[in-house]
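In structure tokens, the next block holds one chain alone, the form predicted on its own.
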């Protein structure tokens, strides 16, 4: 607690707001970042709900307007945990006011918004103000280990990438409408909500970029009951996305994102096949990484099961003894600790707003391809 403090102001108090709140609390409890986060204020339009989250997680005060957070001198960082239609306005205002920013994924609802956010981040960077987008799964220890193994050349040249994010919470057509099913709020459906994760992860793990896609989108249930039970609302986003892609290094890739995979609750699956080996991961068994070493003797070759809980695995030394599993919430602590460290050192945190923009360009290419009967569509790649 002798470290300098960094005042945190968070916008949003629901599911993701609570996950971020827990991350800030655990970062200061289990890690030793050079800055100590202070949970100064939480903002939400519903004051009662915002105050409930604030009381549960130790936020010192509540505001009902995010602009009040930016105006406060005791707040140094704005954490954005709101629907996508608000990201650009809040982030740009915060960065221009000299506040560091952590923004949930996807970065924005459109390429134009993401470009404006990246430009604001670059302006702020010149003044020592930092920004990061919350692709938190990068910080799951097993996936961080996978990135390390790929970087060390342990699977050789990547030839195939398979990525799925499978959920089933919308499979019942009686499930009520939510903001996630309205394009004006969410930007897209399964594509942006969960597909953004696997686009970012595969680019991060391989160190390569997607150059083009051929895609299909589908909305299976086009009308749903409103929460009041008296009306129905029109679903204006996709329920599922499937697309083929190619990476800069020549690897072929297949992607699937759906909220209609009955029986799959939160199954983010990635497999990389390379010239010298393979890696496979499933978030529903998130402490395991499966590794195939093609250089092993043929008598003992096969996928090995790595339990990623050893102290020399990424992030794990801050937690429990080997074999004691970590969960979904731990990656948010890793995210907070990494961001605090980057700000203190004056270095650029990852993933950056430019990384978020690159994902947005892939999502845009997917939508354009699907609108043209799966025509091969080039991803707009900028240096």
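Since we're looking at a predicted model, the values are computed, not measured. Positions refer to the first chain, counted from 1.
Although it is not shown, the form predicted together with another copy of the chain is what the next lines describe.
**Q** With a 4.5 Å heavy atom cut-off, would you call residue 368 a contact of another copy of the chain in the predicted complex?
**A** Output for residue 368 is no: heavy atoms all beyond 4.5 Å of another copy of the chain.
**Q** Heavy atoms within 4.5 Å of another copy of the chain in the predicted complex: does residue 352 have any?
**A** No, residue 352 is distant from the partner.
**Q** Can you check whether residue 152 is within 4.5 Å of another copy of the chain in the predicted complex, heavy atom basis?
**A** Residue 152: yes, in contact with another copy of the chain in the predicted complex.
**Q** Given that the partner is absent here, does residue 347 sit within 4.5 Å of another copy of the chain in the predicted complex, heavy atoms only?
**A** Residue 347: no contact with another copy of the chain in the predicted complex.
**Q** Name the stretch, out of 353 to 361, 63 to 71, 338 to 346, 325 to 333, where some heavy atom lies within 4.5 Å of another copy of the chain in the predicted complex.
**A** Contact-bearing stretch, as computed: 325 to 333.
**Q** All three of 139, 203 and 315 touching another copy of the chain in the predicted complex at 4.5 Å, heavy atom to heavy atom?
**A** No residue of the spot touches another copy of the chain in the predicted complex.
**Q** Looking at 266, 211, 232, 86, which has any heavy atom no more than 4.5 Å from another copy of the chain in the predicted complex?
**A** That would be 266.
**Q** To verify the annotation, which of these, 185, 147, 123, 162, has a non-hydrogen atom within 4.5 Å of another copy of the chain in the predicted complex?
**A** Result of the distance check: 162.
**Q** Need the contact residues for 254 to 271: heavy atom within 4.5 Å of another copy of the chain in the predicted complex, sequence order, or none if there are none.
**A** If the 4.5 Å heavy-atom criterion is applied to another copy of the chain in the predicted complex, 254 to 271 yields 254, 256, 258, 260, 261, 262, 263, 264, 265, 266, 269, 271.
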